[in-house]
Each structure stands twice: as C-alpha cells, then as structure tokens.
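Form predicted alone, single chain, as structure tokens, below.
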Amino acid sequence: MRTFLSNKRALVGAFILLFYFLMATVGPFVVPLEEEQHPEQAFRPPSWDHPLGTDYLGRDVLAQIVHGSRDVLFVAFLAALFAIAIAVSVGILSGLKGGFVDQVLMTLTNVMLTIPHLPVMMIFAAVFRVRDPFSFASILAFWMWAGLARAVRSQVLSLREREFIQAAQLLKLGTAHIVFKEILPNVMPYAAINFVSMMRGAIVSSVAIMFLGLAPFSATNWGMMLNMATIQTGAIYIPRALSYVLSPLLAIMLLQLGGYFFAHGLEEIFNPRLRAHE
C-alpha cells in the first residue's frame, strides 16, 4: 500500500476510476435521465442548466453521459472478467499438461492472435444480434484472452519447475491443490494487471461497435451518442453542438487515462524489480 500511495500517477488513476465508478453506480440516482423531448432547445451550448449542452432533441448531455457510463463500465468489466477466466484456464491447463494438450491449445491461441480482432468482433456483433450486456461482453472476451493465455502458460512452465510444486507432486496433493493453492496465487497478480488493461481495450472495442450501430441495445451508450452526433444528426458540422460531440470522446479519454495510470501502479506493486529499479 505504501508503494501505491507513493506513486502519484497511480493515485490519480485510482481517483479517476473511483469517480467513474461512483458516476456509474450513484450518478443515475443523482442525475435523472430526461425522456421528454424539447426540439426547440436542440444543440444548446453548455450552460448552468445544461453543463454539457443539449443533444439534437434538446435533452441534457450530462445526464446521458452519466447513465451511459453504467453500460460502458459493466460491459467492459464483464468482458475483462470472461477473458481473464478463459486465459488463466487455458494457460494453466496448457502449462501443466504439456504434450498434445499444450500443442492443441497453443495452436488455437496462435490462431486467435493472428486474427484481426476488431473487424471480426464487428461481424460477430452484427450476426448474433447483440441485445444485452452479457452477450456483448462474451463477444468481446472471445477475442481478448489469447495474449494473456500465452503469458500465463510461460509462468506456469516456470513455476512447475520450482521446489514447492515438485514437493506438492511428490506428496500427491492432487491437481486441484496444485492449481488453486500453489499456481493461482502466483498467477493472479499478473492477471490483475491485465484485467485493467483488458477493461481499457473492451471499452474502446465496445464503443467502436456501438458507434457503428452494430449493437444498439443502449441509447445512452457513449458509442451510440457518437453515432447520433456524427452520423445520424450531423451535429459534428454544427459549431454550437461541439460540446455534444466532444463530451463522450472526453469521457472515454479520461477513463482510458485513469485505467493506464492505475495499471502502472499495480504493476509497480506486483513487480519487485520495478521498485528496486526506482
């Protein structure tokens, strides 16, 4: 904890992520979403009543940003969680079993790494008709696990040569004990760092897919807001609507920055070599 608190960037990242977490959980109760349309107030610039201006129907942009954060963070959290579960399972199984199982799993992993992720995710989102956060997160996670799986496998290959793993095998403590008591505690810190990075990647991918209109299950999602602002309503060409266009972009950029800073702090905590270098 002392290491984390001494890292200013990590603290900034933690505060940014905490702000977004509160915005997604408490924000919708504090800032109500206005359903009533006011076309006469369309594309109003920022004011006291509307800090981020209004959209093409005269609705408050800030309220949409707040309510959209719940979908963005929830989908990113689920996608990262699913991807971590797949990657850790594949990496540990491949590293422990070796032989034919290792060859099959690593071949599959290499194939997944060579496929361009975003175009394929777009095709899957369009074909499978995404209607809820769980199906959306599953599609994102399916293309995110491969890189971490290879890293976990490398760690397991190193760990299984350690004395405590060999002692557990000689004592015949069983595969479950070796996996959950000996290997997972050594793998999870690295997985925790990658969890934040995967969430950042899932945010970008989900917003991009929503921006293209391939998974329109939430009207307040930041990707859908960008879609409406740039494609559907032409707000990007209206000077007074600049705040409506930039608001979701700035929300995404700040969230990405917070995730990057926070992941840097976690890496310093879990990697003693970084602390020794400093």
Partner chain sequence: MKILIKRTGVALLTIAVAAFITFIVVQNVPGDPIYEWAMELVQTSGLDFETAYKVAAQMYGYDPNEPLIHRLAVYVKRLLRGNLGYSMIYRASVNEIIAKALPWTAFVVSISLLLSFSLGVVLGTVIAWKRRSFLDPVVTGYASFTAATPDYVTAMLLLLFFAINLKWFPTRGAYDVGLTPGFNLRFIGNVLHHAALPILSFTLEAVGGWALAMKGSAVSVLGEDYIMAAKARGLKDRRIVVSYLARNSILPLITGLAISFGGMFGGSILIETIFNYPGMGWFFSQALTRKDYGMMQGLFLLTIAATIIANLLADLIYARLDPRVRLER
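Residue numbers count along the first chain shown, from 1. Remember, it's a predicted structure, so these values are computed and weren't measured experimentally.
From this point on, the text means the form predicted in complex with the partner chain, which you will not see here.
Trainee: Is every one of Y20, S138 and A141 in contact with the partner chain in the predicted complex, taking contact as a heavy atom within 4.5 Å?
Mentor: Checked in the predicted complex: no contact with the partner chain for any of the three.
Trainee: Name the residue from V101, V204, L184, L157 that puts a heavy atom within 4.5 Å of the partner chain in the predicted complex.
Mentor: Exactly one listed residue reaches within 4.5 Å, namely V204.
Trainee: Answer with one of L249, V26, A219, L33: the residue that has a non-hydrogen atom within 4.5 Å of the partner chain in the predicted complex.
Mentor: The residue from L249, V26, A219, L33 that makes the contact is L249.
Trainee: Out of 67-75, 195-203, 169-177, 82-90, where are the residues with a heavy atom within 4.5 Å of the partner chain in the predicted complex?
Mentor: This holds for exactly one stretch, 195-203.
Trainee: Is L226 near the partner chain? Define near as a heavy atom within 4.5 Å, in the predicted complex.
Mentor: L226: contacts the partner chain in the predicted complex.
Trainee: May I ask you to check whether Y237 falls inside a 4.5 Å heavy atom distance of the partner chain in the predicted complex?
Mentor: Flag for Y237 set to yes.
Trainee: Residue-level contact is defined here as any heavy atom of the residue lying within 4.5 Å of the partner chain in the predicted complex; does V245 satisfy this criterion?
Mentor: So V245 counts as contacting the partner chain.
Trainee: At the 4.5 Å heavy atom threshold, is A63 in contact with the partner chain in the predicted complex?
Mentor: No.
Trainee: Which residues from 100-119 come close to the partner chain in the predicted complex, meaning a heavy atom within 4.5 Å?
Mentor: Sequence-ordered list: T107, V111, T114, I115, P116, L118, P119.
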